[in-house]
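First, one chain by itself in structure tokens, the form predicted on its own.
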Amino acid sequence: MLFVHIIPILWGVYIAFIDLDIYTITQWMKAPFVGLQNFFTVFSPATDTGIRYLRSIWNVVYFGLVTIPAGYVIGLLVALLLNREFSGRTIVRGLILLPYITPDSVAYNVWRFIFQARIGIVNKYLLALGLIKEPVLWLVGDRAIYTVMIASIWKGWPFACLILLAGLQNISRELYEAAKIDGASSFQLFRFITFPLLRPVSATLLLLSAIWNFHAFNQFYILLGTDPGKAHVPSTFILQEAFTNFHLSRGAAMSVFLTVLIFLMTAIVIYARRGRERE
């Protein structure tokens, strides 16, 4: 615990307050203390680093605003279907988990191949249908983040489905039977029984998804490479700034901010869960 968590965290915080780069790393003990200067630099819209870091934060927020609701809605719809009785239900439940259990390195490399400009099947079919006149560069420029969104939704919705399905199975059948006797329609059953009783599970799921969203790295790194350009998210930008440009202190400052943010979000999840347990 001490060597795996506490010391690396304290070391990262310390680096954020000194001026450590490729020129001073060999004598890191003598690196000058600069206080909050690194934080001002990475958050200043007047610096190139600040502009790119703020854009990466917006990208990960935008990425979450699209992928989390989309994954939730798809997961909920499939969970409602799987909650019904039909033959082969167990097999279908297992099959829907395939995207989620597929290793990131495999899944996102497949999607990278699918969106390749010259040999990808997306451009191939769009050209065949006459929807585009020439191959589109899906993995660079402004379209890149949308490509990552599609792959991430495909990879993530089965987890939402699994959690929501567990929540559905905890709802008493007697509630539905009583409502049906009173003449409730299918929509009314969902609106007044299913959705309200799924709210605690949904809240925890969405908060956890939001936390994981700020960790987003594999999909951007595998699909877009070491320099996603305008599609940088904090994790990829920190990697580039710290270990490609060797601005180690700026990378540490960005990491400290991201850690504090995720810690606060985790605290909210724990507080919400305890509140649910008290209900």
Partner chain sequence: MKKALKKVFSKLFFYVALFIVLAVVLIPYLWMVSGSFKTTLEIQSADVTKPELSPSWIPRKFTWENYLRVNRTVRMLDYFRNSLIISIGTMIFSVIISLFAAYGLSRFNFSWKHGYTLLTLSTQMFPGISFLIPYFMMFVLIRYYLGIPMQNTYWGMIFTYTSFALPFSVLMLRNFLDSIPREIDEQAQIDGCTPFGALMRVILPLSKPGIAAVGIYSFIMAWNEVLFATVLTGRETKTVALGLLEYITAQQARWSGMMAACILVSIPVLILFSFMQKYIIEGLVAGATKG
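Residue numbers count along the first chain shown, from 1. Here the structure is a predicted model, which means the values were calculated and not measured.
Separately, the form predicted in complex with the partner chain exists; it is not shown, and the next lines address it.
- With the partner left out here, the partner chain still marks one of 173 to 181, 205 to 213, 140 to 148, 187 to 195 in the predicted bound form; by a 4.5 Å heavy atom cut-off that stretch is 205 to 213.
- Taking non-hydrogen atoms only, Gly130 never approaches the partner chain to within 4.5 angstroms in the predicted bound form.
- Contact annotation for Phe243: at least one heavy atom lies within 4.5 Å of the partner chain in the predicted bound form.
- Put simply, Val42 is far from the partner chain in the predicted bound form: not one heavy atom of it is within 4.5 Å.
- At least one heavy atom of Ile238 is located within 4.5 Å of the partner chain in the predicted bound form.
- Contacts between stretch 95 to 127 and the partner chain, counted in the predicted bound form as any heavy atom lying within 4.5 Å, involve Leu95, Ile96, Leu97, Leu98, Pro99, Tyr100, Ile101, Thr102, Pro103, Ser105, Val106, Asn109, Val110, Trp111, Arg112, Phe113, Ile114, Gln116, Ala117, Arg118, Ile119, Gly120, Ile121, Asn123, Lys124, Tyr125, Leu127, listed in sequence order.
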